[in-house]
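Next up, structure tokens for two forms of one chain, structure 1 and then structure 2.
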Structure 1
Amino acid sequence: MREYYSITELTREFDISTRTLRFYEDEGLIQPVRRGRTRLFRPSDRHLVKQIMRGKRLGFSINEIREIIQMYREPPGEVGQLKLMIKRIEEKREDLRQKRRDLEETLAELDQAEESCVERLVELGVNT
């Protein structure tokens, strides 16, 4: 495991701009350490970026991603907080399950659409 990644290494790996990484830092999603003014990204920062990109692909907003990331952190020490967190996690999971239903339905409809296209090609006598 490498100790540090430069900002451009991460921009290349995740195909995002330096502006985006700085933006995520401003938003408090990542906190790379500094050598002088230069940002040094640790493996944990890199993993966070991976989680952010996943959240983005799933259509979560920055705020939602922030919430999710907080759920991955060390659980709090106080009972009330813990119970609240468990509730939040359950809500997010329900959200994701809804997305999964949406996803399966959309996939099914796309399957249908493709089938129609293929049929139409067969009608037109195209050798598939």
Structure 2
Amino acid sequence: MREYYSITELTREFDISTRTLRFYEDEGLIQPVRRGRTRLFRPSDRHLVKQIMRGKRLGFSINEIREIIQMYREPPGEVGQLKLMIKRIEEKREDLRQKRRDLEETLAELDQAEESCVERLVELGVNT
């Protein structure tokens, strides 16, 4: 395993900008080693970036990701992190279910509005 990764290597691997990595650093999510102005990322930083990207894909906010990462660093550790992750996943799942219900309701309203428009056009003698 490598000792360090450069910022360029991580940006290419994860298809993110250097600004994004600096943002994660500013947010305290990763803590690269500094050698002068150069940032050197340890394998643990690379792993955290991978987890951050996964959390973003799942729809977690930076604060939620920070909370999960922080729980791993401090007690209750991995067990607490896993339990929190399960809780957050269920919350996201319920949010998505609600959005699906909202979308289905909106689609039904649009169908009804379209049907009313078509009926009115027929009443006016216009072919659709």
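Whichever C-alpha set is largest while still superposing within 1.5 Å between the two forms counts as the rigid core. Remember, predicted model here, so these are calculated numbers, not experimental data. When a residue number appears, read it as a position in the sequence of structure 1, where counting begins at 1.
Comparing the two isolated chains, structure 2 is the one taken from the form predicted alone; structure 1 is not. A movement of the C-alpha atom of residue 102 reaching 2 angstroms or beyond is seen between the two structures when the two forms are aligned on their rigid core. Put the two forms on the same core and the Cα of residue 12 is off by less than 2 Å between the two structures. With the core held fixed between the two structures, residue 120 has its Cα displaced by at least 2 Å. The Cα position of residue 111 changes by 21.3 Å between the two structures once both are aligned on the rigid core.
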